[in-house]
Structures are given as structure tokens and as C-alpha cells.
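First comes one chain, alone, set out as C-alpha cells in the form predicted alone.
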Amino acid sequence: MIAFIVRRLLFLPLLWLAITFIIFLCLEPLGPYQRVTLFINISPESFGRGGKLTQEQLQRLIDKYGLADPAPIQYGRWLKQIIFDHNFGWSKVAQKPVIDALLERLPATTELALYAIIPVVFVAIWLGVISAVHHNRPLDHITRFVSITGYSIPIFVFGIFMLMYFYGVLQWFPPGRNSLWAERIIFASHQFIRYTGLNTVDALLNQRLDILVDSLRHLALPVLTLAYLNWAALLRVTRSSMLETLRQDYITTARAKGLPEHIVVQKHAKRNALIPVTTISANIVAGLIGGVVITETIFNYKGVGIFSLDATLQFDIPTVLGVALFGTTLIVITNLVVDILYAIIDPRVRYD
């Protein structure tokens, strides 16, 4: 198992190279003046008046970094800049280094993902098992109706509806990450210490229940949107996998031996049915932590998702590359965790 983990981790740099090189190839049709920001590692405010680069300064940068050269040569220079200088470039969107901007927004998305993961994974698996056990009974029909409805609704439609009703009509759950008064306390008050960057956790550690309540009110709608739609998809997979497992011969044998039904379901059926469910669950978790663009945009929740969208719309190339590296790392690590869970769930799985 250790050798397998090492091989997977060694494979990660190859994925980094492949994905970032593809992005560079996509930039090949662009002119040097459009690519020059990729190599600016300090604030544009340092150049000229009004925070703008002059034509002469731009040309010096193009000559210095060889931006008129082919994409493979520029890609090699960019890799050298990352490996030896640990410099991912300057983010025009955040007006700070890319790595700093990404780390600043990661806690917001992580907090959103953590609150959404619990109902998505645990509740969906639990209801999927119950639905399969009560196949074609009223409980199964109700569960299927709710899951199919959630699976069929586009996430932007459901999110906008939630925002219109619970905020526009009831005024219960506002968008954003915090209210203005709470943001002033969190970011401008010396009495509030940011231990983790997760507002709910930091509010508890600072004993600020008012900020905790405000953070939970702002988390309610995006968490509900993510949880319901992803929960519906995972429930369908769990139900299908469980139904297929319950039809296997070894389940029939276990029942014929007189084992209680709950032991047959929990010990013999559920464990084997969880193998495909584990893959779907891991992909959902990776997607949540990697940044949920649509949900964060609808609710103006300033995390990695909305950060990557803003970078794309403003053609912020260094930020796009940084987010791509982050997403690739997350996917590789998630798949590694899935493979390890396979061996734990099913002892027959071996990687040696």
C-alpha cells in the first residue's frame, strides 16, 4: 500500500506539467502584450502614473521575458519561476500574489464544503440504503421522487429560487459570507483573532456567538443548495448499487441461513454496495472544496469558485494557472484517498 501511495504522489507532478502546458498552448494565439501580465510579479501600481504600464515598460518586459518566443520556451521559463522562485505571478483580480490570494479564499470554500459534505454524504447514503431495502414501497417512492426532482433541477435555478424566497420574501438568510457589521469585527477588530479562517470556528474560539449566528445565516442557503442537489445524485447511485447487491447470491445465502435482516443489510450488503458510492462521494467532495463556481456566484460567497470565475472573466492568466494547479492536486489526492478506502471497505482489493 505504501508503494502504491508513493507512486500516485510521484504521478502528481506529471499531471501538473500536462495541465499547465495545455493552458499555455491555449495562450499561443495571443499576442505578447496580452500575455505580459503572466510575468509581472509585483503590483501594477508600481509602474507609471495611475497604476498603468507605459508602452516602453511593456516592451522592456516583453524583451526581458521573451514573450514573443513560442509557448514551449515560455512554459519552461514559467516552470523555472515557480520551482526556484516559488512565484506564481501577480493576481490582477486580488491585487496580490496568486498564492496569497488563493490561500485567503480557500477557508471560505472549505467552510462551505464542510457544512455541505455532512448531509450530502452521510444522509444520502443512509436514505439510499433505506430506499433500496424498502424497494417499491411508499418510502422508496417518496425518496425517489425527491431525489429525481433534485437531480433534474439545474443548480442555478434552485439557487436563485432559494435566494428569491428565503431572502427576497422572508428576509431570513442573506447572501454573502457575513454582514457588514460582522466583517468589520472579523477583519478590522484587534479583539477578533482569526485562528483558522473558518468564520464559524473562529467565532466559537473568540466566544462571539453573534458572529457565529451571522455566519450560519449566510451559510444556510449555499449549503442547502449544494447539499440538496449533490445529495440527490448520490442517493440515486447508492440506491442502485444497494439494489444490485441485494440481488446477489451470497445475500440470498445469508438470508437462507437465518441471519436477521439488519445484519444481512449492514454487514453483508451495505459494505459491498459502498464501493461505487465511494467514488461518487469523493468526486463530490473534491468539487466542493475545489470551488463551486455557480453557487458562490449566486450567493456572492467569496471563495475559490467566484475567485476563479473573476480571474477568467478578467483574463487573469496567473490566477487561472494557480487555480488549475490547486484543482489538479485536489483531484489526485482525492483519488488516492478513494483507492485507500477501497482497500478498507473491501479487503479483497490489493495494490501490491
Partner chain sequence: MILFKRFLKNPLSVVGFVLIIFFFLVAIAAPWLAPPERACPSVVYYLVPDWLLRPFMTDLPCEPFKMPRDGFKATPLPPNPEAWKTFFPPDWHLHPLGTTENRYDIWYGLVWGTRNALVAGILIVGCTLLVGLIYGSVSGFYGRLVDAVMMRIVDFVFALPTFLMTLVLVSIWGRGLDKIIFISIIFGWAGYARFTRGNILAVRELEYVAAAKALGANDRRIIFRHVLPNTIYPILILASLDVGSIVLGLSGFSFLGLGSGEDYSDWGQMIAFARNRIVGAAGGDLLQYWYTWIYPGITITLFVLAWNLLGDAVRDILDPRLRGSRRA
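Positions refer to the first chain, counted from 1. In this text, rigid core is short for the largest set of C-alphas that superpose within 1.5 Å between two forms. Just so we're clear, the structure is a prediction, and the values are computed from it rather than from any experiment.
The form predicted together with the partner chain exists for this protein as well; it is not shown, and the discussion that follows is about that form.
Trainee: Using a 4.5 Å heavy atom cut-off, indicate which stretch of 97 to 105, 256 to 264, 146 to 154, 196 to 204 touches the partner chain in the predicted bound form.
Mentor: Only one stretch passes the 4.5 Å heavy-atom test: 146 to 154.
Trainee: Give me the residue from 115, 167, 88, 75 that has a heavy atom within 4.5 Å of the partner chain in the predicted bound form.
Mentor: Flagged contact: 167.
Trainee: Hey, in the predicted bound form, does residue 163 get a heavy atom within 4.5 angstroms of the partner chain?
Mentor: Close contact exists here: in the predicted bound form, residue 163 approaches the partner chain to within 4.5 Å, heavy atoms only.
Trainee: My question is simply whether residue 68 lines the interface with the partner chain in the predicted bound form - judged by any non-hydrogen atom within 4.5 Å.
Mentor: Output for residue 68 is no: heavy atoms all beyond 4.5 Å of the partner chain.
Trainee: Might residue 284 be said to contact the partner chain in the predicted bound form, defining contact as any heavy atom within 4.5 Å?
Mentor: Looking in the predicted bound form, residue contacts with the partner chain do not include residue 284, since no heavy atom lies within 4.5 Å.
Trainee: So in the predicted bound form, does any heavy atom of residue 294 sit within 4.5 Å of the partner chain?
Mentor: Residue 294: yes, in contact with the partner chain in the predicted bound form.
Trainee: Any chance all of 135, 244 and 309 sit within 4.5 Å of the partner chain in the predicted bound form, going by non-hydrogen atoms?
Mentor: Spot residues vs the partner chain: full contact, yes.
Trainee: Suppose contact means any heavy atom within 4.5 Å; which members of 304 to 326 contact the partner chain in the predicted bound form?
Mentor: If the 4.5 Å heavy-atom criterion is applied to the partner chain in the predicted bound form, 304 to 326 yields 308, 309, 312, 313, 315, 317, 320, 321, 323, 324.
Trainee: Is residue 332 one of the residues whose Cα moves 2 Å or more between the shown form and the other one, with the core superposed?
Mentor: Shift of 2 Å or more: no.
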